[in-house]
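What follows is a single chain, given as structure tokens, in the form predicted on its own.
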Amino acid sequence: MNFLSIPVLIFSPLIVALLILSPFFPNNEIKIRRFSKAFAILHFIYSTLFLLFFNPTNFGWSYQKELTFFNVSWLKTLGITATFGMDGLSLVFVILTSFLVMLAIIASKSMIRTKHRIYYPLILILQSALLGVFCAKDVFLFFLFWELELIPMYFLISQWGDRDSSAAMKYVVYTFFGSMLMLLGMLVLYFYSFSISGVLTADIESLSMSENVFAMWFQAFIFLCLLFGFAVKLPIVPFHNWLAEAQVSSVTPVSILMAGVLLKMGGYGIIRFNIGLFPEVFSNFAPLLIILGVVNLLYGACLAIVQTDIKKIVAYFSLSSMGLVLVGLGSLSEAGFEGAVFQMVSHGLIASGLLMLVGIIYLRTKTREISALGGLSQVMPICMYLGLIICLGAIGVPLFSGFPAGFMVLVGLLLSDIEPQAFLVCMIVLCVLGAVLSAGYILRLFHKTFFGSVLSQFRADTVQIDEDGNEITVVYPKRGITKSEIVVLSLLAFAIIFFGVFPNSVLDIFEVTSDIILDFMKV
């Protein structure tokens, strides 16, 4: 449809961000927040229109558009173009991004108290960068948006999180070094492709068609360079050290975007580049990726079990969950591949819900120590009921989104052609063990937080002493949470149930893309 434009989808958040920063926009916190929220809602609706008019049976990219400058390509002489497109895989992550950005902005009403004129534009700039990553059809355009994401994230972590922490710098340093290796791989691929074909091109589709003329050792070198960059973002153990610190140090809406979308950039990159460009090399490395995925799953679960900070528990839950993505992709089967993508979507919703719960609890209790919490269901019953749905999704109960994701990954391992079979059986057993461990620490988090006796400081009408020695009365409303918090938790809970009951609503979108990639690997 003519009114559906990918450049509008990608750059409209950036334009709105610049508008808010301009001197013409009133420097009023309420107007800035409401304007940003209204735009985020409209942008999410606009992104869903791409789904309504998307033909899932169409092979290749849809809604393709090249941005030209006076009818000239971006860097025409170098074969580099500002071309955007969207296939089923891209569309899934585009809608997920718009949805979670909308929820993050809604949640910011109760979480953000200062610097509104800078905060909301940074969120919108981050949204443009993320959408550019998922829609770029050119290798260097992809890298440009990949790096652009670092700028708003650095300031969002450092200025509205724990300012005494080095988490923001650690995040940037880890991602930057990974990006440099990724850029090296892209440059070598670009120039070597030119030396063979005589044509300078950075188009992803063109490079994927020429990869079969490259020597296997050369493909493996580029494959590992790209994989390293994506491994940091996913993250894969041992490149995960930035995750827990960045998650804990970030304010809740930023944590939601980090866990819900940013980690998915790594998985998307592996699918688009490592699998899409080097299917044969990926097949050879598949057993190693399965092992790394299982290590992620178990290592993250073990770390989560011993944590006393509830936000760190959620951070290591993310590390563990992304291990299933690697396992599914490494299975080289249709069920495993689709399960991996569905796991990324499901984890984005579930982790966002868990982080929202943690943020709500911390906002009222001023603590994240699990031993200092208890009985909150009596002062925040609505929060408890919605939190129960999210936790059931996290432990993979049937009819919640976590179940079809994990189940498809395990079925994908069973149907895998990787030899020997004993290896696959061993990996399946370890994955089931990881699922059991995750159920243990998620249920512990939920039980210790919401049940048991209500500690005196959390009871309604509790008298406390302020910093000046004066008595103050803390009164918790009966429902315990604000309307904006209820909206965020309710939408996430609804999505977790809906996709758990109707997983094909997601799977059908990228089914054709999945078939293309898997058929390409079999050639």
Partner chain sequence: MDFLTDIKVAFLPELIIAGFVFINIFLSLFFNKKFYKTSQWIAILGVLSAFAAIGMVQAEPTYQAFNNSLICNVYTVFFKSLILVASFFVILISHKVIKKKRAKAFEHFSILFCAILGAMLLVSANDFLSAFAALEMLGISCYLLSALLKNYRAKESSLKYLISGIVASAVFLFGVSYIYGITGTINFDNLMLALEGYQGSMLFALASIMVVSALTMRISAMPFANYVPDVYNGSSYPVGAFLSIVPVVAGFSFLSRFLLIVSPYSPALGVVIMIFALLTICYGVYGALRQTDMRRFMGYSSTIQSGFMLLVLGVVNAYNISSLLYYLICYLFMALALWAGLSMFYNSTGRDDIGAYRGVAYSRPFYTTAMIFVLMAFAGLPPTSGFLAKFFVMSAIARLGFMYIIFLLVALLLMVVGVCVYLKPLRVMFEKTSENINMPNKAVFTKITLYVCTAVTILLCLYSAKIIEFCELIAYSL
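This structure is a prediction, so every number in the text was calculated from the model and none was measured. Positions refer to the first chain, counted from 1.
What comes next is about the form predicted in complex with the partner chain, which is not displayed.
Residue contact check for D162: none of its heavy atoms lie within 4.5 Å of the partner chain in the predicted bound form. Contact check for A372: no non-hydrogen atom falls within 4.5 Å of the partner chain in the predicted bound form. The partner chain in the predicted bound form is approached by S73, whose closest heavy atom lies within 4.5 angstroms of it. In the predicted bound form, the partner chain sits within 4.5 Å of a heavy atom belonging to L21. Of the candidates E147, D203, D309, E280, E147 is the one whose heavy atoms come within 4.5 Å of the partner chain in the predicted bound form; the others do not. With the partner chain left out of view, the stretch that reaches within 4.5 Å of it through heavy atoms in the predicted bound form is, among 349-357, 175-183, 282-290, 255-263, 175-183.
Within 4.5 Å of the partner chain in the predicted bound form, a heavy atom is found for not a single one of F84, L363 and K366. Residues F140, F143, L144, E147, L148, L150, I151, Y154, F155 are the ones in 135-155 with at least one heavy atom within 4.5 Å of the partner chain in the predicted bound form, listed in sequence order.
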